[in-house]
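One chain follows as structure tokens, the form predicted on its own.
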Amino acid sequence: MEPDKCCESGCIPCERDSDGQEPLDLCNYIGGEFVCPMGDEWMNVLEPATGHRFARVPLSGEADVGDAVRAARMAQPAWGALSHSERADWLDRIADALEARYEEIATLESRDTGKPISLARDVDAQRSVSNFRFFAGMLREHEQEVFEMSSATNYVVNKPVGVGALITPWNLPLYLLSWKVAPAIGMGNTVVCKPSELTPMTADLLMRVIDEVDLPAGVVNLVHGDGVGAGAPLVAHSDVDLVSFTGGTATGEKVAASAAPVFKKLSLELGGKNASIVFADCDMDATVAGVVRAGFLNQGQVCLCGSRILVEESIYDGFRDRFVDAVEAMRVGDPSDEATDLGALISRQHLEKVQGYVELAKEEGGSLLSGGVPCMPAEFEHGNWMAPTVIEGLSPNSRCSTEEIFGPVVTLHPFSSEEEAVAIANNTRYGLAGSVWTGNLEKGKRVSEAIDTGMVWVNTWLHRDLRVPFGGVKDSGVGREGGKWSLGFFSEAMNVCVKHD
């Protein structure tokens, strides 16, 4: 059944929005078919830029999850029996079909998340295709490990884990879903996906692509819904063998609490409160541009964003002034406009949370150097808009300086020595990423290695090689994704020792 036929088949009565258009009612994808949910609870999908409804997503429940897990379990033996090369061919077919929908991906992602179309095209659409191609190549290059002894030969067999639960957030919907699906099914697992209910559109598109290429039924399944109704039953299901979760630290704690007692294999990529450390010997032009990008990409709604900017005292005033000028030159506006730098925040609730932190910063003694509510045309008056905000004067120990805000808000802090910069950078519960800006590469490497974090960039930010480990320490998560780390997580390594005659 085509996904846009659910309403016509009698699941729910059609409604018309204020613009006279019928909202698209999304369906789950289970066992190779688009199916209506068993319950009758639905949630509106709203455009962050306008506040208007343009789709509805089912709030699936335990019964829907059970059907999806059963479909995945039934499909796993045959799928797991395929060779690495055969599964790589399937990943390439998916990549080709996604690439043919490149502009559709970008348009849907921009409309669904509120991010600028240029960002959705260059980051979301591009990475969604390259994730499948990259892991297809990794599978073809995979070589069996062999360890020789004087009296025996050991060889390692990488077996599928079984059925995986893949839970993804709203900020990079298809980018992160494809980052999990590709290595998971590439290593012979079957999966049940649970995307964010706030941004379900490109997850639905991926299911349409998977249906189009005739991927064997049950290999990839998708259940829409919220964390309580769909996410929690999926994680807790006794036939789910592994859980890969990307999202907030508080939700990650609940996922871990559910999965750990029954020893499910678990990967958690959680929050961050990352530092951009600026030394006096940096290339000022490149650093200002890089730190602005690190602070405000996707309206600051990226777990890797550098929201704490630490600046060496001798250049603090000059850097601050140039940084604020660059921030205020950013264009906030219509996400579909190619010239837009910053779009809308994901939801009204999230906007209020971020604005609450700005008010807290004032109470904590901070001074606002930029920010406020941007002036928007009438058609965007109900959108979730916020100008990029720069705050100085806060203690490095303040809540706004140490808690994840996940919005277009950065704080500035002077430092006098490498040791002080490292101490400030490490003074949070998080340890995901960071960047160091300096003309002395030895200093850059030295400072990077002193930071308690999973990833650091020197004189750049978000410059990604998909082969390297991705993940954090402390409250930023458990495990690593990327390259061989993803293939390792989505498989069980078995050693076979054969004694020589």
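Residues carry their position along the shown sequence, with the first being 1. Quantities reported herein were computed from a predicted structural model and do not represent experimental measurements.
Beyond what is shown, the protein has a form predicted in complex with ligand NAD; the following relates to that form.
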Heavy atom within 4.5 Å of ligand NAD in the model of the complex: which of Trp79, Phe323, Phe406, Trp385?
-> Phe406
Using a 4.5 Å cut on heavy atoms, which of Thr428, Asn171, Thr287, Asn189 is close to ligand NAD in the model of the complex?
-> Asn171
Can any non-hydrogen atom of Asp204 be found within 4.5 angstroms of ligand NAD in the model of the complex?
-> no
Interface membership of Arg93, ligand NAD in the model of the complex, 4.5 Å heavy atom rule = no
4.5 Å heavy atom contact, Ser307 and ligand NAD in the model of the complex | no
Are any of the heavy atoms in Gly272 no more than 4.5 Å from a heavy atom of ligand NAD in the model of the complex?
-> yes
411-419, 160-168, 123-131, 324-332: which one contacts ligand NAD in the model of the complex at 4.5 Å, heavy atom to heavy atom?
-> 160-168
Site check Tyr29, Met74 and Val220: each within 4.5 Å of ligand NAD in the model of the complex by heavy atom = no
Relative to ligand NAD in the model of the complex, which residues of 440-473 have a heavy atom no more than 4.5 Å away?
-> Phe470
